[in-house]
Structures are given as C-alpha cells and as structure tokens.
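Given next, in structure tokens, is a single chain: the form predicted alone.
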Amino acid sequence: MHVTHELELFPDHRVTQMLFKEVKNAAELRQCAVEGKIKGALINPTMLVNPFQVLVAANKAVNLQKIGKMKTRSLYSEIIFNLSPTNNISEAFKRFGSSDGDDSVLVVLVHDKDEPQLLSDITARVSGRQVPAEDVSSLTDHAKIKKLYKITPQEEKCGTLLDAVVCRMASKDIL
C-alpha cells in the first residue's frame, strides 16, 4: 500500500508515502501534525501529479536540512514548501498542505531505516481507507495544477505535466 524509496544522495534516509481516501478526521490529523504528534508531512493529493513529485521535494528538503539552509522550521514543512512553484511559505501550505475538510491525504515520512512501528502509528491515527500511493494520480486536479504552475499548451506538447511541474519546483530558487 505504501511506497518507500531510499534517497540516492542520502542512502541513510528513506521516504515513505502513504495515501488515504475517505478520510473522516482530517482536522484532527492536521492538528496532530502541527503539535508534532505526527512526524510527517500531510499533503493534499489533488495537487500532486505523481509520487515522484513528492520524492523530489523530500530530497531537496533533506539536502537543505543537511546544509542548514531550510526556509521553514521543520523537514516536513520544507517538503510541503518545496512542492510549491513560488517562495511564499503560507501560500505553499494553503495549496499543498492538508486542510480540515479534505477527504484524502498523502502522508510523507522521512526516516533512517524501515520503521514498521512508525507506519502502523500513522495507519492507526487515520480514520480512512489506505490505498496504494501510486494511485495519487487518480486524485490529481489537472486544471488547478496547470493554472498554479502556469503550464502552457505548447509546453505540454513537448513534455509531460510531471516534467513541467518538477522543472518549476527545481528552478524556483534560481529565478
């Protein structure tokens, strides 16, 4: 159900993504994350094209944490911030973070090694149905994503939506 990747540049770190649908306690989960009771990022999956997008954001967050250049207070808030095409932190949370009324949520965990207890803790907290993380693309709001990232029809002809989104994420610090 969940998908775990080892970060190539940081082999001691793994990123696990868990997708839940029909979530009934989104407000409670968000409050737990704010209070630090959930050590993970809660992301609105409608703003994601593919799990790879989250992997790119997590890899960038871990790198920034290692070199002491994070723009937010925690690794998990940095992941959410890195998904955004802009440098506005509050806007990133509004667009990509989980909201109280959401009925689906993607939980992203960064850990040193496979920690089954960590995964079971998250599963126990979420009042919803876990589905394969790869199914995140079935929840994607393509129109919102194209508008937010300013993807042009011409751009879509020469590459995928995922390519365009990842390019914007990677280059936002440069522009």
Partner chain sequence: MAQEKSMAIPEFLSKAELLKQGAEARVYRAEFLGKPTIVKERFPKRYRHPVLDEKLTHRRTVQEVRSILRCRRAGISAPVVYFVDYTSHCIFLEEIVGSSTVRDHIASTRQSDCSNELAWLAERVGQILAKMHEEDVVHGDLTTSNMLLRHQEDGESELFLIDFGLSYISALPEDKGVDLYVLEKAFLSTHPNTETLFERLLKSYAAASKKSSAVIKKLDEVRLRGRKRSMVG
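Positions refer to the first chain, counted from 1. In this text the structure is predicted, and so the values were computed from the model without any measurement.
Quick note: we don't show the form predicted together with its partner chain, though the next part is all about it.
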Segment that reaches its partner chain in the predicted complex - one of 60-68, 135-143, 30-38, 104-112, heavy atoms within 4.5 Å: 60-68
Whether 18, 89 and 93 all lie within 4.5 angstroms of its partner chain in the predicted complex by heavy atom: no
Residue 2: touches its partner chain in the predicted complex, heavy atom cutoff 4.5 angstroms: no
Proximity of residue 56 to its partner chain in the predicted complex, heavy atoms at 4.5 Å: yes
Exercise: residue 166 in contact with its partner chain in the predicted complex, heavy atom 4.5 Å: yes
Members of 1-24 lying within 4.5 angstroms of its partner chain, judged by heavy atom, in the predicted complex: 5, 7, 8, 9, 10
